[in-house]
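Have a look below at one chain only, the form predicted alone, in structure tokens format.
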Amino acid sequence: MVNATLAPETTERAAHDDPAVGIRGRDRHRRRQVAVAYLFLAPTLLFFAVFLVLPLGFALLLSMSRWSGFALGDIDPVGLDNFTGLFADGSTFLAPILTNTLLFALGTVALALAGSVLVATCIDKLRFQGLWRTLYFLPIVTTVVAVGNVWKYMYEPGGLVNGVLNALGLGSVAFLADPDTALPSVVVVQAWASVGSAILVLTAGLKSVPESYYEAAALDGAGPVTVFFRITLPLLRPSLLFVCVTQFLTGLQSFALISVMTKGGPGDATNVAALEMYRQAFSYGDWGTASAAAFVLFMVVLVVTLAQLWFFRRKGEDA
């Protein structure tokens, strides 16, 4: 009777002391944890599968097909013809469309970055900083259509900008009607509209710079310019990286502002990749070319982003 009572305890103790049994138990516990984790992740994974993976796969299929956008049975595989057509002789995709896209993004980043650094530095030394940040952030919460239309009227021959030029004794400029000034004019608007978000990021970065650095620089007799280039800018590198990457991505994918202000004109002077994709798909019914252009733009965005990350990382290591 005593042996029968002790037998289960002895067996359980032996199983607990057996390494193989312990490993199998831990494996089962880990598998249960993974299964529960995937169960909780299932709604999110389903969402990404339906709205990201499937559209991406369909776009890849269309980029190697010819399709007018109606019946799925009309999809005609053409291999890489859509990609070669984008860069064939006589195609306007490489120049001026892709060139305009890069120039638009570069101009936006240069103006927005320079302006936001200057304004953020000034705000950091003023009172009521929250008020100033809010005022500069207002264009971000304003719809692109409203911003584009307001600036479009300001650029008119009788608009505010030409009115100021005339008051200064200068002649009127056809900002949006001249191919030489149309793209820079839209770049200015895009930079103005996006400078608010950059200011928020940079002012937060300025707050993280220890005051002891500035106190030590003042004791050494360093001037404001030296302090700015030797202390402020180097310590703002993470914030500058974030602003550069996000502004460049926004510039490369810009569509709505150009569509509202110039519709890509005059000619193709302000036509960019995103607008050309829209035209090919919805105006001309060439979904294959539009999808191929989308993948080319994706590669450009990827290369530019990786180049920016490499450049800032290399600069950080050199410092």
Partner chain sequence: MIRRRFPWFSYLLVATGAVLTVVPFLDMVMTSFKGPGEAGTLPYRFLPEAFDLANYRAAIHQLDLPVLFRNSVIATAVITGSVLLTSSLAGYALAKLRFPGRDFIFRLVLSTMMFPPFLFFIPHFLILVHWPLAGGNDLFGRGGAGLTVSIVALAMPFLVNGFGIFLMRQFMVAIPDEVLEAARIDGAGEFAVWWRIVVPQTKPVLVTLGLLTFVDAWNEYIWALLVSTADPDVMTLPVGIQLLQDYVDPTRTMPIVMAGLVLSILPVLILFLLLQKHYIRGVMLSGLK
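In this text the structure is predicted, and so the values were computed from the model without any measurement. Positions refer to the first chain, counted from 1. Rigid core here is just the name for the largest C-alpha set that superposes within 1.5 Å across the two forms.
Unshown form predicted in complex with the partner chain; subsequent notes refer to it.
Novice: Based on heavy atom distances of at most 4.5 Å to the partner chain in the model of the complex, which listed stretch, 91-99, 155-163, 78-86, 105-113, is the contact stretch?
Specialist: Comparing against the partner chain in the model of the complex, the contact stretch is 155-163.
Novice: Of these, L241, L235, V150, V188, which has a heavy atom no more than 4.5 Å from the partner chain in the model of the complex?
Specialist: None of the other options qualify; the answer is V150.
Novice: Decide whether I123 counts as a contact residue for the partner chain in the model of the complex under a heavy atom distance cut-off of 4.5 Å.
Specialist: Contact check for I123: yes, within 4.5 Å of the partner chain in the model of the complex.
Novice: Residue-level contact is defined here as any heavy atom of the residue lying within 4.5 Å of the partner chain in the model of the complex; does Q253 satisfy this criterion?
Specialist: Yes - in the model of the complex, heavy atoms of Q253 and the partner chain come within 4.5 Å of each other.
Novice: Given that the partner is absent here, does A294 sit within 4.5 Å of the partner chain in the model of the complex, heavy atoms only?
Specialist: Yes - in the model of the complex, heavy atoms of A294 and the partner chain come within 4.5 Å of each other.
Novice: State yes or no: in the model of the complex, is some non-hydrogen atom of T142 no more than 4.5 angstroms from a non-hydrogen atom of the partner chain?
Specialist: Answer yes; at least one heavy atom of T142 falls within 4.5 Å of the partner chain in the model of the complex.
Novice: Taking the partner chain in the model of the complex, which residues of 184-207 have any heavy atom within 4.5 Å of it?
Specialist: The stretch 184-207, when checked against the partner chain in the model of the complex, contributes W192, S197, L200, V201, A204 at the 4.5 Å heavy-atom cut-off.
Novice: Given a core-based superposition, decide whether the C-alpha of Y38 shifts by 2 Å or more between this form and the one not shown.
Specialist: Yes, its C-alpha moves 2 Å or more.
Novice: Taking the rigid core as the reference frame, tell me whether V304 has a CA displacement of 2 angstroms or more between this form and the one not shown.
Specialist: Yes, shifts by 2 Å or more.
Novice: Given a superposition on the rigid core, I'd like a yes or no on whether F282 shifts its C-alpha by 2 Å or more between this form and the one not shown.
Specialist: Comparing the forms between this form and the one not shown, which are aligned on their rigid core, F282 does not shift its C-alpha by 2 Å or more.
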